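There is one chain below, alone, in structure tokens, taken in the form predicted alone.
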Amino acid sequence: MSENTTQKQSEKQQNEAIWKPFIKLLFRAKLPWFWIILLIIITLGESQLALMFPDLTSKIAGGHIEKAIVFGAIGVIVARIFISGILRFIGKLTMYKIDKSYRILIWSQLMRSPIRLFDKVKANEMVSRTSTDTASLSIIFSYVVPTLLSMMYLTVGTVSKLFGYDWRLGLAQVIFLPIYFGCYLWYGRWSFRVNKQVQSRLAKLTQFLSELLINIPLIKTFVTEKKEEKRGINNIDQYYKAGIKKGIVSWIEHPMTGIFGVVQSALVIGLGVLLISNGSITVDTWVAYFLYVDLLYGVLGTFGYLFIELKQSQGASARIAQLVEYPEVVYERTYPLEKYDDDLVLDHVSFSYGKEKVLSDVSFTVPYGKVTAIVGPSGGGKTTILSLIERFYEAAPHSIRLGEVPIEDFHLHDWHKAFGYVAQDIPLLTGTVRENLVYGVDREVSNQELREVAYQANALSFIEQLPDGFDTHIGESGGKLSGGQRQRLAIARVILRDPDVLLLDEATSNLDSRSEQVVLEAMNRLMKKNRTTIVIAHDLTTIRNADQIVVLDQGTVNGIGKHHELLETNKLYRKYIDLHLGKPIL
């Protein structure tokens, strides 16, 4: 197979990959079809009025001063002005409705998507797809599609009118139009590639500047000013070159349009003079010919712009399709989880993030109502085990069971409600203390109950010192609070939820010694009797008092037992205690 054939097949597959999601998205969102169809009808109506005007004008120019013709021409002018205003209003309204539909589609899909999608697509990309990309698609359906249909209608209507006057007038446009479209198609593709390159270079420059400017102290500390200056100049130069190329592309459009205008004018004048001189057409017919051609190419002048918008929307649709076509989480399974009252069994669990294997043949049992601590070197898969237990990710079928029932057989919402999770960077929402505490609690919570859970979490004293108490706004993601205060709020939220299973993931690792002690006291209250607890911790007291300790090393179980047993039998555990926690107290 030749290289050209292979390249053509590759381009064909790429085009199909672009158009397929574009077409699918037409039917995934609840688009305002009534408004889209109304917009198309009004656009075509305006096009029909545009087709009527040259004919009426040519008759007036030919001396046909009749009331019906004169008032008809005036009526067409007034109607076009009136319809143009309506068209702009309905176009904007339709665009906002389409934009809303796609944003709702994306947001609803994100709420039903598995965590794996959020691992693959960054949050800022999702924001861009929910805002910028949806706006691009809304422009297509509210402007590009109606305008393209209008162009087609005007093109066919104009050529038909010209053939009605004289077949040579119509034939001249039939021959000229493919040349015009071909040149603008080539120009549109070239312009799209150049614009894409400019956007890429600008994004690269912006990323470079934002990353380096916030790290000026680091640059000066390591004396890399000259190196970073060269890198900055290179990025600016690359963007400059792309900008120059874009300027050349923009400049070429004007002479290209001018050349087509000159050729078209010469064709209209030359052909008109020839046909008038031999008596084939009259002057008023030639005037109509001139006006129709001027109308046609005035509309076709937007072809290059529409092509670029269409190409950009294809990229937007492909990015949106990556979100909306991602497999959704299945919430309804085989059984409801009425009560979590059995041991949790991990039976030869293996798991990978893409090609990166994290867990390999992990087996142990989490006893019901007991505390299980998981320890080991960083990157050993401890947090991954918690994520699999909570079913943020799906392990191999039947590899994790509650008693004898595979956990994937329980309804997902029931399963999630059974768990309370506290991590080292637990997120808080922008809002008040109260709103964060009751988040996810589907019942009325009294002030007394809030005070009680806050007291148990050692949070009541600092909450009462806040300006508005429980109704104090804590800033974006709880930014107005210290790390210890945020952790105590997170613990209070879990206490209020009263889960059957508690997951603690290095909940005190980022705190100072004073805050750590306060948070540990709250955690000890949370790990009450008969509550299954799985804890990843560096605190010696928490680990030593655990009913069971699982030692992980590079994704495999290195040992299982109590603190004193592992100190005697497991070298890795003893080394872990010595290095990270200080010499153990036997």
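These figures come from a predicted structure and were not determined experimentally. Note that residue numbering begins at 1 and tracks the sequence as displayed.
The same protein also has a form predicted in complex with a small molecule, omitted here; what follows describes it.
This chain lacks the partner; the member of 124, 378, 278, 446 within 4.5 angstroms of the small molecule in the predicted complex by a non-hydrogen atom is 378. Interface residue among 364, 393, 143, 462, judged by heavy atoms within 4.5 Å of the small molecule in the predicted complex: 393.
Contact with the small molecule, judged by heavy atoms within 4.5 Å in the predicted complex, is confined among 127-135, 382-390, 261-269, 194-202 to 382-390.
Although the partner is absent from this view, residue 251 stays clear of the small molecule in the predicted complex, with no non-hydrogen atom inside 4.5 angstroms. In the predicted complex, none of the heavy atoms of residue 310 sits within 4.5 Å of a heavy atom of the small molecule. Contact annotation: residue 119 falls within 4.5 Å of the small molecule in the predicted complex, judged by heavy atom distances. The small molecule in the predicted complex comes within 4.5 Å of a heavy atom belonging to residue 358.
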